[in-house]
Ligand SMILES: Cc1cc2nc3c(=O)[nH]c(=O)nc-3n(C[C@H](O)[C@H](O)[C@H](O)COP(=O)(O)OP(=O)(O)OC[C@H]3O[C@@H](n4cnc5c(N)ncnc54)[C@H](O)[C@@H]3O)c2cc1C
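Just one chain follows, in the form predicted on its own, and it is written as structure tokens.
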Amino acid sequence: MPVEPPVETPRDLAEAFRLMALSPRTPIAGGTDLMVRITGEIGSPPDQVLDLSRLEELRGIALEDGRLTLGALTTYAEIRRSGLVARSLPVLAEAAATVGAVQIQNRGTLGGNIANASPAGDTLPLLLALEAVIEVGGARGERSIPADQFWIAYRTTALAPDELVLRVRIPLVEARQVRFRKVGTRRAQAISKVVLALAWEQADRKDRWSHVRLALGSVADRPIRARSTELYLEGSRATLETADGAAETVAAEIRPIDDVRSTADYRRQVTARILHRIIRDAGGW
């Protein structure tokens, strides 16, 4: 049976912090995940809900000090439409376009995807690969958490019970190349079977790769960095031999599971093949 938990709607961030300090509540932004919980279909319903819809402080996309800053209430549709995102980080708009379908993109928010902490969260591997910083806050103040320290276990984050996700800051690096790929049953309205984001720095096609970051979703209990594969790729060139070795390395590194959406073997093979293709394409093979 659906439940109707009590809902508080703060008028500003200070009031939201005060309410969270009094008694931790489950935040609702777009509600694309929370509403499923409220109906009782997945997980247990929340006891209390905090409606963030009036918090204008959590909206907006800006370029600040060489970083792209996105408020937690920024929707996927806003990311897709943003000229600033298109110019500075088009791969983020590419990732936003893979989330659900148009209806979900109009409601779902970047902060919601982050706080929901699903291993299959479409944008989360990209934030890991881009070394994003997630800014959170509460009545005790604000703090910054690097993305690779934010998701700590299955659907568990580094957020304290009285904290909210406020914004995301993504450093923009001129020499950085980024690739993103999601594999699902369909092109839309599909939970991911594999999500992969690969970032590296390279002066030109012949130069060796540096600062390699490879992040994956749906292959572990949380979004992860494939650190052994990163080490393999660091200092390499995009050759067929590199592609072969990286594919073997990532297939050995990850520990996916069998579930209703896919098998562990499928996820392992697809992850390796996607990475192989990206490296080949980068080298012009």
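Everything numeric in this text was worked out from a predicted model, so none of it was measured. For every residue, the number given is its place in the sequence shown, counted from 1.
As for the form predicted in complex with this ligand, it is not shown, yet the points below apply to it.
Proximity to this ligand in the predicted bound form, taken as a non-hydrogen atom within 4.5 angstroms, holds for one residue of 228, 69, 236, 26, which is 26. A heavy atom within 4.5 Å of this ligand in the predicted bound form is found for exactly one of 128, 85, 120, 199: 120. Taken together, 34, 52 and 98 are fully in contact with this ligand in the predicted bound form: each brings a heavy atom within 4.5 Å. This ligand is not shown here, and in the predicted bound form it never comes within 4.5 Å of any heavy atom of residue 145. At least one heavy atom of residue 107 is located within 4.5 Å of this ligand in the predicted bound form. When contacts are judged by a 4.5 Å heavy atom cut-off, residue 112 counts as touching this ligand in the predicted bound form.
By the criterion of a heavy atom within 4.5 Å, residue 170 is excluded from the residues contacting this ligand in the predicted bound form. Partner proximity in the predicted bound form, defined as non-hydrogen atoms within 4.5 angstroms of this ligand, places exactly one of 170 to 178, 85 to 93, 204 to 212, 112 to 120 at the interface: 112 to 120.
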